[in-house]
Structure formats: C-alpha cells, structure tokens
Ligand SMILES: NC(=O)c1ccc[n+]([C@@H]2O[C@H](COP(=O)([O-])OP(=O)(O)OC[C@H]3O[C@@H](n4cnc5c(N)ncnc54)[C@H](O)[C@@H]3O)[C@@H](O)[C@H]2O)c1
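Below you'll find only one chain, the form predicted on its own, shown as structure tokens.
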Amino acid sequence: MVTIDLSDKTALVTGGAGGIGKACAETLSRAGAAVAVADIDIGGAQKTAASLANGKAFGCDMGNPASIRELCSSLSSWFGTPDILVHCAGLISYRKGLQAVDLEQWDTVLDVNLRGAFLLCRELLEPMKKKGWGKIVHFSSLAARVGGIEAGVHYATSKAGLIGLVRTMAKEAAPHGINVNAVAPGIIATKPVLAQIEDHKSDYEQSIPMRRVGLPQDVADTVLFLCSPLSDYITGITVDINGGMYMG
C-alpha cells in the first residue's frame, strides 16, 4: 500500500467550513499537512480547523480583493507561503435560463468563482515559485463540461473559465516545480446539492453509471493524489469525478 506523507507540507484549503472543502482539509491533515482553513463562514472554518491535528481558521470573502490580500498576509505570519493550495470556495446558483440571471447575479458569481481564483493565485504564485515546489488544485464542475444541469449559466461559465485559468497557470508554473490542476465534481452529496435534488435524487442514481451520487470523500481522495508527489508529472489537467456521467 502506498502511503502519502505530507508531514513536511503546509496547505491552504478555501471553502473549508463544510462539504467538499471540509473533506479536503481533513484528508490533507490526516496525511500530515498543517492546514489553514479559509471560509467566509469563519465559525464553520473554526470548527473544521479545531478538528485537525494542526489547523488554523481564517476568514475570507473571495468576492472581495482586499479580503484575499488580507488572507495571504495572515498566512505568512502563521506558516509562510503554503506548499499546497486547494481552492474549493465558490458560489453556486440554480437559476435556469439566461433571463433568470440579472447582471448583479452574473457579476457576483463570476467575481467569487473566477476572479477570486485569479486574485488568490496572483498573490501566492510568485512566493510559491521561490520555494521551487507546489501543488495547486482548483475546483471546476461537471457543469463546465456539459453545461448547467441544475446550475445556472453564470455558474457553468465561471467553472469553465477556471479550466482555462488552470491550463494557463500550469504553463507558467511548471518550470518552477509547481503543478496546477483542477477537479470537476459531478453530483456530490453536499447539503446544498442534496437540498436541490431531494425530489429527484433517484433519477440521478439511475442515470449515473456507478448508480450513486458521489461523496465529498470521493473528491477529497483525488485532491490528495493531486497534492502529493505521486502527481509530480501531471499538470494542466481537469480530473472528472462524476461516477461516469461524463467521460470526455
């Protein structure tokens, strides 16, 4: 059995107050990493961090550039520049149809999901380059691959944009020993998703080749691989985690 040991690594997990982000923080911590848990829900982040062997909570609003800068400054006083960035924070909206999304809603989702990812990496990439090793994992979505199924056009667009960001960043970061990848979860059993599909969950279970919706741990295990030395020759890709719903 191959053991992943990250005991000499530090990690920042955004969106770590619950769901997939929480599962990622817990999984990286079990592998030995010191984990900074960032979320706009500071109470949830504190609860996650308190459950980790070496965790600390930080508040951050990914839609606010000043908040992102403050997070990165605060990190430097705790453990310096992280070796690992798992950027899970984001907004989802289930508004269907172009007419259902007004300009303010479009801007809010794109600002948090896409601009926030860009600004966070702009703050962290240069100091990561100086370390000569790093792992960055962004969160795209099945919606980016096939268009929104439940989610709105603004969400699907933001997650598709992240794939372009990842590929471009990967080219810049690779000569410095930094891998930049993404994961694209499908229907995953988090609280907001389960609430959205409550009356038709069985339809998904029948349509997914593996006959079940995914679990946060299914995603976290893949993220752990992408954050480990086992993925050192993999960069610029998006790993689909959807039980076979999309096989492109």
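Worth saying up front: this structure is predicted, and the values here are computed from it rather than measured. Numbering starts at 1 and follows the sequence shown.
The discussion below concerns the form predicted in complex with this ligand, not included here.
When you look in the predicted complex, the only residue of Ala117, Val109, Ile84, Cys88 with a non-hydrogen atom within 4.5 Å of this ligand is Cys88.
The partner is absent here, but in the predicted complex a heavy atom of Asp61, alone among Asp61, Glu70, Asp221, Glu205, sits within 4.5 Å of this ligand. The putative spot formed by Ile40, Ile92 and Ser140 is fully lined by this ligand in the predicted complex; each residue has a non-hydrogen atom within 4.5 angstroms of it. This ligand in the predicted complex is not approached by Pro209, whose heavy atoms all lie more than 4.5 angstroms from it. When this ligand is considered in the predicted complex, Asn179 lies well away from it, no heavy atom lying within 4.5 Å.
When contacts are judged by a 4.5 Å heavy atom cut-off, Ile188 counts as touching this ligand in the predicted complex.
Remark: Gly236 does not count among the residues lining this ligand in the predicted complex, judged by a heavy atom distance of 4.5 Å or less.
Residues placing heavy atoms within 4.5 Å of this ligand in the predicted complex fall in a single listed stretch, namely 153 to 161, out of 168 to 176, 153 to 161, 123 to 131, 97 to 105.
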